[in-house]
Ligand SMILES: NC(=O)c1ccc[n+]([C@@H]2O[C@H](COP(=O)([O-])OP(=O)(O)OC[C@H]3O[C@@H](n4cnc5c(N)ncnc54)[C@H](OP(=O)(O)O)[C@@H]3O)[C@@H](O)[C@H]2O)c1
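Shown below, as structure tokens, is a lone chain in the form predicted alone; questions about how it binds or moves come after it.
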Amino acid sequence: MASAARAGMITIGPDLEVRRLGYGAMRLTGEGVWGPVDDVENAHAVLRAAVEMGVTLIDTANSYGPELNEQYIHDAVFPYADDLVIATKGGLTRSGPGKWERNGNPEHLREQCEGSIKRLGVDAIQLYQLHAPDPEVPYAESVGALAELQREGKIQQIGISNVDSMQLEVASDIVDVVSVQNRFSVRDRDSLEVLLACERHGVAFLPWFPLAAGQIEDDGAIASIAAAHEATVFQIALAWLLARSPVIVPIPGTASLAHLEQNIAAAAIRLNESEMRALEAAA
């Protein structure tokens, strides 16, 4: 069986030690990340299999479903293993399938956080991430709301998401930011400056949309490297992320047990220097 242990370990913040290949649960919702999945038992099976394959970081959000995704995680793997970290996010609201609205109002963030605590069945969120800056609310106020929740013991560690390097600096002046979750992949390097800042400060970087699905299937360089390793292009995309930086923690998502095993098997792929150079040029 594939094992996430092959990816190695990383410590997020002072004490959240996880394997460097996690699982993003967003796909375990209905179309448009809205409503229930068609097969709840399969969703539970995928979550349990991820844990059985050594995943120790599961990423979710209040807005996935909304709320249903967190409930699936609770129903599938609660009581949680001692080494399992459930990371969730707040700061978005939903008005329908595929629709995402930002709300960084401190009162709203408190409401979302407390709701996540109840659905996940925990006393405190191990890693709580501000999902996105709200242009209608000063970013410092939104981050400050999470700092207050942390002081109250409702959040252990704080992360941020969908930020630029300046917003990372603003947040870091208020709290100890332990993680950043931005879009990043072998074909999408727009957040490279933020990744480099995370490297300098020892902050974990959780790339979302790490497989660049729909963008790499016909890429000749990636396909040839995949063939050499008897792997899929998506496995190579994950192997590149793991090799690209020691602070990167990919969180690929899937609703398929077969694809889950393929993703986790990518932890065992080792790319050589010439392959890394070819992939660096593939963006």
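All residue numbers refer to positions in the sequence shown, first residue = 1. A quick note: this is a predicted structure, and the numbers were derived from the prediction, not measured.
What follows is about the form predicted together with the named molecule, which we do not show.
- By the criterion of a heavy atom within 4.5 Å, Ala212 is counted among the residues contacting the named molecule in the predicted bound form.
- Although the partner is absent here, Trp34 sits far enough away that none of its heavy atoms falls within 4.5 Å of the named molecule in the predicted bound form.
- In the predicted bound form, at least one heavy atom of Ser256 sits within 4.5 Å of a heavy atom of the named molecule.
- Although the partner is absent from this view, Arg244 stays clear of the named molecule in the predicted bound form, with no non-hydrogen atom inside 4.5 angstroms.
- Proximity to the named molecule in the predicted bound form, defined as a heavy atom within 4.5 Å, holds among Ala43, Ala49, Ile251, Leu68 only for Ile251.
- Along 229-249, one residue reaches a heavy atom to within 4.5 Å of the named molecule in the predicted bound form: Phe234.
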